[in-house]
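First comes one chain, alone, set out as structure tokens in the form predicted alone.
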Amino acid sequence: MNDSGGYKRDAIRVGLLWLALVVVLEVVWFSVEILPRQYAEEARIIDDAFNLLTILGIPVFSFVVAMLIYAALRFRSGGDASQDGPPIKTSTPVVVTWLVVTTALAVFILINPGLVGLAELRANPDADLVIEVEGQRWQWVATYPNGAEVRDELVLPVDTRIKFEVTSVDILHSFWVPGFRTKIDAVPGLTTSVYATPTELGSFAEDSALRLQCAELCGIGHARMVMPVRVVEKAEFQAWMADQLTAEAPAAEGRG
């Protein structure tokens, strides 16, 4: 059995290893860009929440890893592999501290970014533009306020709060634009809604994060259920919408 001095040395070594892991992982996290580019105000809110959760989670994760590494090296068996090693008693102060710290962290993140982030995302229920989006195996159909229906590309005006009213005609799908971060299920017989406020111009041709992707495994064509997204200036958007109606008119006459 270790004496009190041995326990203190073990604690110091684990603490130093934990501190080193925290520093390395925090530096790596701030040095490497792993998230897609932000194309909407909602993306900023969600990324801020994700970054905060990661920053808070790294010390907890590092502590567990440090304990596992140190225990595997320091207390590995040097005798008969068929025999149990000497028992090691737990430390009540460590257990209590762990419980108090993790509980405090859980309550903190429940409030922020949990409740605070949701409140920020839902702060404005009004929309400048409402687009109906219908999912079906295996494509998306977007209907604009002027009645234009598009299947090949979702075109959106910049600096405009957009409400997407989402539904499905067959099975569960999921509306997700990586560049906006927002996601909502498309449910048969139910209309769900999600908001996005594009803040950057761009297109799928320039950045694959600008795509409407089904994020719910929906069958053999799931991976192909993609619609390119293009964010344009407001004047260009109005001209594009007028062109869609002009293009639909001859098609409707031909069917008649």
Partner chain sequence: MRPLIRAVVLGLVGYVAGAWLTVAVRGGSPSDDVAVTFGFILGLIGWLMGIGVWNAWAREWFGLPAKPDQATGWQRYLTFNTDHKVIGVQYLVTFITVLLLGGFMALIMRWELANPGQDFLDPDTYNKLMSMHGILMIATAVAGILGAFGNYLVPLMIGARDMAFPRVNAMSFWLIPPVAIGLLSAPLLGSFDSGWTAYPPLSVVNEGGQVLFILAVITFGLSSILGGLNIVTTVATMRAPGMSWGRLPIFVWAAFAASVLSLLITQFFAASLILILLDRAAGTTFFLAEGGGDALLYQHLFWFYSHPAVYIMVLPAFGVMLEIITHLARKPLFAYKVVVAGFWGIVGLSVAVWAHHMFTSGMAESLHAPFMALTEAISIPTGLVFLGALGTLWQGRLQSKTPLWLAFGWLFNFTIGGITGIYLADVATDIHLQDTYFVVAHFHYTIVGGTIFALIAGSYFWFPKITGRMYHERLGKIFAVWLTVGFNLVFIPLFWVGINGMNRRIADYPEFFAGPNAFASVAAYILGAGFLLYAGNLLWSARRGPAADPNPWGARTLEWQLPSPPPEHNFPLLPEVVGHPYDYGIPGSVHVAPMTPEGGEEA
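Being a predicted model, the structure only gives us computed values, none of them experimental. Numbering follows the first chain given and starts at 1.
Unshown form predicted in complex with the partner chain; subsequent notes refer to it.
Taken together, the three residues Val24, Val133 and Asn146 lack any non-hydrogen atom within 4.5 angstroms of the partner chain in the predicted bound form. The partner chain is not shown here, and in the predicted bound form it never comes within 4.5 Å of any heavy atom of Met227.
Looking at Glu165, you'd find every heavy atom of it more than 4.5 angstroms from the partner chain in the predicted bound form. In the predicted bound form, the partner chain sits within 4.5 Å of a heavy atom belonging to Asp170.
The partner chain in the predicted bound form is not approached by Asn124, whose heavy atoms all lie more than 4.5 angstroms from it. A single residue from the set Val158, Ala142, Ile184, Val155 has any heavy atom within 4.5 angstroms of the partner chain in the predicted bound form; that residue is Ile184. In the predicted bound form, the partner chain lies within 4.5 angstroms of at least one heavy atom of each of the following residues of 106-140: Ala106, Ile109, Leu110, Pro113, Gly114, Leu115, Leu118, Leu121, Arg122, Arg137, in sequence order.
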